[in-house]
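Below, in structure tokens: the form predicted on its own, a single chain.
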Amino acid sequence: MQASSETQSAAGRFAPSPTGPLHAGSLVTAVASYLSARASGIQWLIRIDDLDGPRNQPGMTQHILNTLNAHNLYPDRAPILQSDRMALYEEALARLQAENQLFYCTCTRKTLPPSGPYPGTCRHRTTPTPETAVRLRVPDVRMTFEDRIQGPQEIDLADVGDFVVKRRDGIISYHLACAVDDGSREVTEVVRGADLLLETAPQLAVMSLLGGTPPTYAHIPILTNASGQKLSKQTAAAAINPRTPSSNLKQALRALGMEAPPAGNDDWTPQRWLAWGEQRFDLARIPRTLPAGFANIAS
């Protein structure tokens, strides 16, 4: 279903980072966000979260786009690069600084506690200082929001602590960039992995301070290996095979709670699998969690 003229400025998004190839869990997230946007009659965008230059792999952005294309997952507009939006993030920092919401932290990992929220050591350092991390002065409030899959959420920001919005090396943090981008009026829904559920609270806090418009959230279950570890580059998750898109999509749709497809689907194209998914997509059917090793369960 194409976005109507009334909703063409509204969008969902898939936001991979070019730090490694897409794996099965990434594809499930891409498919879920795509189908949710289609079900809502809004546009579907791809945003490449490429601000962490030292971790980006050369050529990986195009590799990711090629993999999505192989699965017939085409965005409604040209892909967005966060690296092209630096002016927006610097403007947000300037606004937060003007409102005395930032401080400049000289702490190192060695001087900070190994766990728990930031202890507030540098909260008095309010004058902009080069080569320091910039932290947000987090208010002591509880953030509440309704997740469309995981249900009502309540997170105490005191447990999050004063988080970094610009690193010592000058890189804009994930929380700030994501809050600026997802808090725009354009992004109206965010469908992403449940591993990011707790990250929603600090992002909503930044949106609130900047006067942003929060999207709706739906955090889908993450795929794990047989040991229960999230599929990721750190856990040596296998890259998705772009030469088997139909079987990949079949497995992704199973993870999203779709019933078994009819027999004789071996020759279905990616287009047909997505069309089948569009007809049956329902956030209410998506499970909150999946069994360990789900990606390795035979179709």
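Residues carry their position along the shown sequence, with the first being 1. Just so you know, these numbers come straight off a predicted model, no measurement behind them.
If you look for the form predicted together with a small molecule, you will not find it shown, but the lines that follow are about it.
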(request) State the residue from Ile155, Leu196, Ala92, Cys105 whose non-hydrogen atoms include one within 4.5 Å of the small molecule in the predicted complex. (result) Leu196
(request) Only one of Val138, Ile222, Cys178, Val165 comes within 4.5 Å of the small molecule in the predicted complex by heavy atoms, so just point that one out. (result) Cys178
(message) Just checking whether Arg47 would be counted as a contact of the small molecule in the predicted complex - the rule being heavy atoms within 4.5 angstroms.
(response) yes
(message) Whether Gly25 contacts the small molecule in the predicted complex should be assessed with a 4.5 Å heavy atom distance threshold; does it?
(response) no
(message) Given that the small molecule is not shown alongside this chain, does Tyr118 nevertheless sit within 4.5 Å of it in the predicted complex, heavy atom to heavy atom?
(response) no
(request) Would you check, heavy atoms only and a 4.5 Å threshold, whether Gly277 touches the small molecule in the predicted complex? (result) no
(message) Please identify, from 95-103, 204-212, 188-196, 122-130, the stretch that has a heavy atom within 4.5 Å of the small molecule in the predicted complex.
(response) 188-196
(request) Using heavy atoms and a 4.5 Å cut-off, decide whether Arg38, Gln271 and Phe281 all contact the small molecule in the predicted complex. (result) no
